[in-house]
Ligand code: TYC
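Here's a solo chain for you in structure tokens, the form predicted on its own.
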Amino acid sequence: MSEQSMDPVHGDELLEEVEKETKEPDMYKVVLHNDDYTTREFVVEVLQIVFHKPAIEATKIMMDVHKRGKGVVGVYTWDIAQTKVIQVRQMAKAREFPLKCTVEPA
């Protein structure tokens, strides 16, 4: 996108052309961490409600988290990633689960 300005004194003379570069926002991974107390069913529920994952994909992600200790559930801009972490923590607290959810640079 470029912006051209007219010189008010000289009328039709153009000043320099200014280019505005749009930078893509930094992206962040939302990560779920396995623990010994949070149920698999609850993790699937979180993945469906907070991350809008279909049941089959949510189950696969839950199993990855269970087997590997942690797993990436999505990549988002900073604000969205933080919002998702807060939602997970609120759900876990309400159900008295210690489910840990963090943000890491992508």
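Residue positions are given as counts along the sequence shown, with the first one as 1. Predicted, not measured: the structure shown is a model, and the values here were computed from it.
What follows is about the form predicted in complex with this ligand, which we do not show.
(message) With a cut-off of 4.5 Å between heavy atoms, is residue 60 one of the residues that contacts this ligand in the predicted bound form?
(response) Heavy-atom contact with this ligand at 4.5 Å: absent for residue 60.
(message) Please tell me whether any heavy atom belonging to residue 35 falls inside 4.5 Å of a heavy atom of this ligand, as the geometry stands in the predicted bound form.
(response) Judged by the heavy-atom cut-off of 4.5 Å, residue 35 is in contact with this ligand in the predicted bound form.
(request) Could you confirm whether residue 81 comes within 4.5 Å of this ligand in the predicted bound form, counting heavy atoms only? (result) Contact check for residue 81: no, nothing within 4.5 Å of this ligand in the predicted bound form.
(request) Answer for residue 29 alone: is it within 4.5 Å of this ligand in the predicted bound form, judged on heavy atom distances? (result) No.
(message) Using a 4.5 Å heavy atom cutoff, which residues in 69-100 contact this ligand in the predicted bound form? It's fine if the answer is none.
(response) Sequence-ordered list has one entry, 99.
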